[in-house]
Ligand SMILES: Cc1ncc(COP(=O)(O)O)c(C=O)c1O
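In structure tokens, one chain follows: the form predicted on its own.
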């Protein structure tokens, strides 16, 4: 099966692995902590890496292995490892990239707020220094890489919540020349839009809670990478044990089967929403890579697979926190939830959710004002999405 055929791989990769003398059409939920064999020698061989198999679900589980196989196929990776959340996946990717006491991490300024806290409050006390920089300006980035000499570079494919796009291929070349590992959080894009490993990244991280699961019924994460990082990634996963349970793995695998199809609708609705919001008198600014006026539109057109993402963020003109609350509370269909990528449209207020832990001055410096709202376009009829948001804006 061609790795690049995302729609086909999303449905078939990893499925129909025979556990005995029959083959289930869909991988079942293997809710078992351990697995037994007729002879102890078999367990010894599996533990020693002489043969494949399953012995203990903290190490490997058949249901989770199916999920990992499809993510690896979609990302054109040598392997993928599933975790209990997207943040856990990011943390383990940083570990597998070789970060340790005395290491330096360079990160994009425009990041998910909790990623900021992970770097500063978890890795910082462990002796890792983090510097945030402008990954949108290659000249600035090159200068900072030479000055700071980081071991790891961390960025997002589509940034949260301002939806900026980094030139992944150019950045990966700069980092590789300096022996710096590149970790890309590609949750907003999914492999439907772009596969960062093919552009030179070392690790790709996803919050499977979002578009991969796609239905708001699970929490999970996954890391995809190359063969050279198999040993540390698997080692730390088994040692620490932040594994994804088989039920959540099964739900995620089921969601991925329709992810390419869903992403087309998510992106189509987001594009229509961005265009409409751009002409609304109560909207001061719209952030969406699919708009010609977006500063990274040309880059997104070259880098992505003809789609521009399912999220739109916008600033409500002359609004403060009370106005945003009034707008969100007036919505009837759009769901006010601290997530994205579900079948239903969701609205999020970054100042009190995704970037709540950042100081107000830091948010303002990043361009995340108190009037900024993020919308994850769902799969509903677009006119219903538009009508609900229009009614809510009318109350202001």
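Numbering follows the first chain given and starts at 1. As the structure is a prediction and not an experimental result, all values here were calculated from the model.
From this point on, the text means the form predicted together with the named molecule, which you will not see here.
- Scanning 262, 210, 181, 91 against the named molecule in the predicted bound form with a 4.5 Å heavy atom cut-off leaves one residue, 210.
- Checking 135, 225, 192, 187 for any heavy atom within 4.5 Å of the named molecule in the predicted bound form turns up a single hit: 187.
- Partner proximity in the predicted bound form, defined as non-hydrogen atoms within 4.5 angstroms of the named molecule, places exactly one of 118-126, 241-249, 195-203, 153-161 at the interface: 153-161.
- For the marked spot (288, 310 and 385), a heavy atom within 4.5 Å of the named molecule in the predicted bound form is absent from each of the three residues.
- Although the partner is absent here, residue 85 lies within 4.5 Å of the named molecule in the predicted bound form, judged by heavy atoms.
- Not displayed here, the named molecule is approached by residue 220 to within 4.5 Å at the level of heavy atoms in the predicted bound form.
- The closest heavy atom approach of residue 112 to the named molecule in the predicted bound form falls within 4.5 Å.
- Although the partner is absent from this view, residue 66 stays clear of the named molecule in the predicted bound form, with no non-hydrogen atom inside 4.5 angstroms.
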